[in-house]
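Included below are structure tokens for two forms of one protein chain, each presented in isolation as structure 1 and structure 2.
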Structure 1
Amino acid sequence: MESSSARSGGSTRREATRQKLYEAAVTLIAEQGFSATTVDEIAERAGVAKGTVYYNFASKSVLFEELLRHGVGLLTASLKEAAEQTARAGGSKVDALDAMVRAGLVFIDRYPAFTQLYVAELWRTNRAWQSTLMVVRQEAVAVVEGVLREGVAAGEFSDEIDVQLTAAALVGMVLVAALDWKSFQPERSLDDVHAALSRLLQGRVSGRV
């Protein structure tokens, strides 16, 4: 057999179709929400027939779940990378946090629709993909929590901070600021936005430095 090996070693036809469906689904769902987006729309935007969607995914919500997993996987990898690179370069934990803020901004800059969709679905309850979302959220937040904990252990951060809440707040800060940036002042540069958040992160807002 070995049928698919006739084509290029990398991407099968199926793989390419799935990718097109992901891309179509992510923007439509970000704009309209999951329930308001029809499978017909997704198929049309992807340039395939409706049947193809069901040939590649068991259902509309399975498509969505795999989309979520895929996207948050990218984000988590990017955050880890940022933290590790800072560590390798001998940077402090604040530097690591700062690098992660930037990594987050880069991610959102690249995948704004995914970010939108993620935020919109994260705190919903009673939805089929709720558990998937929780797992996947925890992976991302855990990276930030890890850096905070190491910082506390190393005496760089006050041991009175609440790691879990602070991590959530930091994530929220970046998320909301970035979505605002993309929605309302898209002409601003990433460096600009990064600088504003750095200032806030390092407490250089009050007190004139």
Structure 2
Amino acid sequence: MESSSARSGGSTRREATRQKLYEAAVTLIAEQGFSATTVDEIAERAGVAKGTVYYNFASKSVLFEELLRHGVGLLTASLKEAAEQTARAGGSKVDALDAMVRAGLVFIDRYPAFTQLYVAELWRTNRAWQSTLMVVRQEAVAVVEGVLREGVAAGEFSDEIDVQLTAAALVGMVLVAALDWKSFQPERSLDDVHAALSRLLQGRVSGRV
């Protein structure tokens, strides 16, 4: 049997390879679309053999489905960490939501091509990975829902808030505002965009003006 260190090294190398394939796939698909992107192109962009793609993923569709899981998983983790850090610092639930808004912007700033793909796929209903996309989307939205419910329970937010819809609206606000920022207002800083969304959040969710 392999030693634990050997297994660990092999796992690390495989994860590094998969990361290269994710990055190559998201860039190519964002540039030319899923259907027009071939496995050969993904392999060439990633700097690996075509067989390596199939060793890691059964097909191009599986690769894309796993790419969605991976990307939205990173976003969900960053939202959770932002909320947890705020709680550890003794911040309010509004502060936690604001921290998650910033975390979302940081994620989108780092992965703009993935964000563009993710938003585009949300509008398509005929994809093989649609059910997977809905599951991972809900995982991200659920983090925001949790903070909203805690805020309602603590009396920070009105109990008339529609938690499910408000959470989805906050996530959508960040996605759309960030895409507009990247596409049409790239001269603005992340801090500037965050400040604008923060003012909106403070006024509408917390009830402050």
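Counting starts at 1 and follows the sequence of structure 1. For the two forms, the rigid core is made up of the largest set of C-alpha atoms that agree within 1.5 Å on superposition. Note that this is a predicted model, so its numbers are computed, not measured.
Between the two copies of this chain, it is structure 1 that is the form predicted together with a further copy of the same chain. Shown are candidates 21, 64, 117, 144; the hinge separating the rigid parts that shift between the two structures corresponds to 64. The angle of turn of the smaller rigid part against the larger, between the two structures and from C-alpha superpositions, comes to 16 degrees.
CA movement of residue 44 between the two structures equals 3.4 Å, with the two forms superposed on the rigid core.
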